[in-house]
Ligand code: ARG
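Here's a solo chain for you in structure tokens, the form predicted alone.
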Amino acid sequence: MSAPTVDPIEALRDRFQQAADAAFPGIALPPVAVVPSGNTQFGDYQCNSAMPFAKSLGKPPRQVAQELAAKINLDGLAEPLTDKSIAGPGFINLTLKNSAIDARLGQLNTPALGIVPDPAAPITVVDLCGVNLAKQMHIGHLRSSVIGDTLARVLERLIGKDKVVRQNHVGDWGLPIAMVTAHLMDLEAAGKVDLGTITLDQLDGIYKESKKLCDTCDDQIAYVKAWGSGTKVLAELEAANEAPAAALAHAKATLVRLQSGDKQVKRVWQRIYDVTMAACLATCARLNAIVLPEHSAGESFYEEKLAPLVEDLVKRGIAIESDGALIVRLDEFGIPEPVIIRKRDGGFIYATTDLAGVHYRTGALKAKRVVYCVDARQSLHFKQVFAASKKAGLCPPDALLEHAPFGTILGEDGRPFKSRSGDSVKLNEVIDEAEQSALAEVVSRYPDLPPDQQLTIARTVAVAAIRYTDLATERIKDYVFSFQRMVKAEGDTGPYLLYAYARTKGLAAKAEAQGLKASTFAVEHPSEKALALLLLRYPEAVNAVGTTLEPSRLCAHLYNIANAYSKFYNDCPVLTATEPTRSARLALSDLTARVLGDGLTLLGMPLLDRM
């Protein structure tokens, strides 16, 4: 990622590194540590290097701090150090010069806001969303869609849009899809459905019916035969198994026809695909997630690649037979569980498709970094796939394959979020309810607004609330989903950040109406300084997301900016101040608006100029 150039921390680290090289030449020392001060009455930043340096040097930490202070050159950046600058065992407190802050605010105040795409960054694929044919998107798809979309947005900003490829891995092939295709063909032949008008809700129901129709008693029959539990029981099970066994055989035959390109079967399958994807992509659009038709590459896309891939792995001795199946051992990677790439019956599984996916993404798409936004329960699966890909040479040795795992969405009872019937909650229903909760909040706050404006605000607030609640939680953690809490305009919520942004735009509109213009920056008041320092750390916050794949870092930073702006707004009158203070504060407010707007856009949150 491109290194931020406006953050004073970077400059201070460089200055302290130079001081360390001068004070302790030729000695290998830990990296310099400079952090924002925890208590602004002691300074703006704090160098904590004396303690770790002392261990390497065999000196008291305070002495090390004094030697660093004697060599540091802070000209033009921070106030000179004094004996009082060194606290406790060796913390070095630093206070920036206002002129240095003003200069860096000027550097930040560009269209790029201090973020310049890295020309050396590799092409990156982001695997996101991951829907299945004939099924509505449910609450489980929320995190893969929102986190994946946000990471793609951030990476596009950091390395360029032309270097980021979104991939929606669609479950559109295999026996489950053949089951629903076969059943739908039968229903169409009987005149019970019209393919031309069929909806995803209908397909969802047909999918469940097809699974029940093919639910055989094979396991129970095998158990009875093994334990000799009685001929009567066996006869009853075999009689009950005739219909599902026939349905399953019919589905398997349909799969063969689909795989061989049978036009009649392909016609029905294609209709299932088109209806599913149209509905699912519309749901993504409601979430303001950029997932388009060209981003989808389903299991059907890899179907013809699987057999040659497995044959190659067998030929090269990478895949070996084990109890009738083909596996790739991964002991050299510290993974005791081998990855199965072909089942005993000759069928391929998810791992096979994912290996083909790695090969395609790092080969045809030329990606050197592939990020998978998939829930944490698949962690072992991706460890196996990544290790097998490296072992088999399916990707370049230097390719970075990353799983960005996420936790579970919980209901207010602390259990996985489910509907009252126990089914997964449909994602459209979640958005609907969020909009209703947001509308109630908007109506209570702004009862005089026209209904259409209330609805527009409510829809924007709902999306911001859903996305921010998901993204603000540390990715790997579970979180409780609460409509009432997430739509509030107070506290650490999406609507609160929207409100902060709208406040900056409102101030700008009033200034424009009065013919007032922003000038150069001139930070003086402590609340101005606190806000300015947070703005200067914005590029680093964005870069941190690109490096760690952790959107919560940007959420936390924007929340801190919003809080600092609120304090600045209350402590530092803008429009009623005298010149040149007024125009300087207006410049700081305008820059805050741009940073907040940029950050919220990276989080995929639509903006509102008025709330």
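For every residue, the number given is its place in the sequence shown, counted from 1. In this text, all values refer to a predicted model and were calculated from it rather than measured experimentally.
FYI, the form predicted together with ligand ARG isn't displayed, but the following is about it.
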Within 4.5 Å of ligand ARG in the predicted bound form by heavy atoms, the stretch out of 469 to 477, 425 to 433, 129 to 137, 316 to 324 is 129 to 137
Indicate whether ligand ARG has at least one heavy atom within 4.5 Å of a heavy atom of Thr408 in the predicted bound form. no
**OP:** State yes or no: in the predicted bound form, is some non-hydrogen atom of Gln453 no more than 4.5 angstroms from a non-hydrogen atom of ligand ARG?
**Re:** no
With the partner left out here, check for me: in the predicted bound form, does some heavy atom of Tyr350 sit within 4.5 Å of ligand ARG? yes
In the predicted bound form, does Phe481 come within 4.5 Å of ligand ARG, counting heavy atoms only? no
Assert contact residue (ligand ARG, in the predicted bound form, non-hydrogen atom within 4.5 Å, options His141, Arg166, Lys163, Arg104) equals His141
With the partner omitted here, the residue among Val268, Leu258, Val374, Leu158 that in the predicted bound form has a heavy atom within 4.5 Å of ligand ARG is Val374
Exercise. Each of Asp44, Pro526 and Phe568 near ligand ARG in the predicted bound form, meaning some heavy atom within 4.5 Å?
Worked result: no
